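Just one chain is shown here, as structure tokens, and it is the form predicted alone.
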Amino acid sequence: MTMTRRQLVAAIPAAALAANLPRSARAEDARKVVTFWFGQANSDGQAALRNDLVEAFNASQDKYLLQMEVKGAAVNNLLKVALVAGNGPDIVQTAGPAYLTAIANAGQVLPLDDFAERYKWKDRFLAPLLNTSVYGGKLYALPRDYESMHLFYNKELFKQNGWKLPTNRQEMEEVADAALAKGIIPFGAGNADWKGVNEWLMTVFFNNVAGPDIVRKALAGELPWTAPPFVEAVELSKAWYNKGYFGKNYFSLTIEQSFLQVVNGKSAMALGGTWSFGTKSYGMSKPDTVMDVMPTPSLGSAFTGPLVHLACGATLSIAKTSQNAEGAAAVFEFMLTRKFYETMNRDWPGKWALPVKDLPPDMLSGIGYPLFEKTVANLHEAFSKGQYGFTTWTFWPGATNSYLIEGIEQVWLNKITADAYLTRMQTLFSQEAKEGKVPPLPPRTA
């Protein structure tokens, strides 16, 4: 992604990854270069990108040479400038369909339909994910991964206190209140290093209170964001914030610090995404982990049962000005190989879970990470059957989503009302809908 909600560590110098490439991958190699800019990656991610993608692709053939630069937090602005100037990378990675819309509408990336026909991509990818990158009947990107919000919890803490896993709002609040009474923070949460945490939470509140069918109607323009179910969702988020469910240091804790509170038993739960599996300090891959995970429970009366949320965490496109579109497509095809899928998910879990039919989750059974394996398998099944809610970073248009993130803090801090917040959101959404900037909705079935 440009700057994703999962890429949450300090920026890495732009040439850091390229500098570590083997000798054959630098200037003296005569192969045709394919350039790729990445946003941010922790140390595990850097190693995985270098070993499992760059070096592995370059060793797999002798026609193209993949060169990757990790640009850090500045990648979004750098890409905007470079794409306009026509001197950006061959491979363009965005923070999801909501971000892809603008550059696709501006004609800055190539339609991939010819490559898709040659490599049978439309037959291989799960339709709900692939269709999020189709505009005007043309395919402009491949989904790099699929992800969802989940409820992570400290199972030892639940066992010690006799807490039952919540299945609805009442049960969730009972656990949260019981935790507060014992001096335990109900939900480990913090947005000091990434304000996008706000949209993680609001994805859960909008979908799990209003229900995914109501959210879909709003995204389709059939229902305004000012409708009562969304007011209820925003008011509930405010009530939880004011009750202290997210702790007293939401604005000063980083994502890793807040999640580690759950691991260490200082917090009971965390509303986090599947990308959390990629942070090794959480210890969730260990056999003796204290952590467990489940889909998020219903928080309203619109539906019952747990819910996952359809998300494309990143899209991969080819720049219109690319001098090596064939090479970029070859890199994409390499990413769809069994070996890459297994090694990347082993070394950097949750970052590259390709939504491809012939790369089923059971292929991950040997990577030694049971929690990640079962979660990805459940997501694959739910997305295949069309059973999901909608994430803000995948389906909300850019300006609307930016306001969703910024404006909710004003609601929580009692600076504006829920009605004012949603009225502004509706105004922005209506304008972006007129401009064709709302990402396409996938069909309910694959």
Partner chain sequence: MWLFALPALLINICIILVPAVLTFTAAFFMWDGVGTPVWAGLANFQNMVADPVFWSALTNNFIWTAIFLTVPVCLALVMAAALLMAPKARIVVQSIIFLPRIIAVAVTGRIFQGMIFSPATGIVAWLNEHGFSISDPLADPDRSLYAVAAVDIWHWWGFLAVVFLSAMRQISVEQIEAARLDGAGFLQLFRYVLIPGIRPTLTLMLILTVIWSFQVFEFIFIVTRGGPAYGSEVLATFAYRHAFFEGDVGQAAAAACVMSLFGLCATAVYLWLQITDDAQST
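Numbering follows the first chain given and starts at 1. No experiment lies behind these values; they were computed from the predicted model shown.
As for the form predicted together with its partner chain, it is not shown, yet the points below apply to it.
Engineer: Quick one: which of 63-71, 43-51, 380-388, 406-414 gets within 4.5 Å of its partner chain in the predicted complex, going by heavy atoms?
Structural biologist: That would be stretch 406-414.
Engineer: Please tell me whether any heavy atom belonging to V84 falls inside 4.5 Å of a heavy atom of its partner chain, as the geometry stands in the predicted complex.
Structural biologist: V84: contacts its partner chain in the predicted complex.
Engineer: Please tell me whether any heavy atom belonging to L354 falls inside 4.5 Å of a heavy atom of its partner chain, as the geometry stands in the predicted complex.
Structural biologist: Contact with its partner chain, no.
Engineer: Could you tell me if A227 has a non-hydrogen atom within 4.5 Å of its partner chain in the predicted complex?
Structural biologist: Outside the cut-off, so no.
Engineer: Evaluate N168 for contact with its partner chain in the predicted complex, applying a 4.5 angstroms cut-off between non-hydrogen atoms, and reply yes or no.
Structural biologist: No - in the predicted complex, heavy atoms of N168 and its partner chain never come within 4.5 Å of each other.
Engineer: With its partner chain left out of view, which of M291, L236, L151, A102 would have a heavy atom within 4.5 Å of it in the predicted complex?
Structural biologist: For this set of options, the contacting one is A102.
Engineer: Just one of Q108, S285, N131, N324 has a heavy atom within 4.5 Å of its partner chain in the predicted complex. Which one?
Structural biologist: Contact check passes for Q108.
Engineer: Since the partner is left out here, which residues of 249-275 would have a heavy atom within 4.5 Å of its partner chain in the predicted complex?
Structural biologist: Those in contact are N249, F251, S252, L253, Q257.
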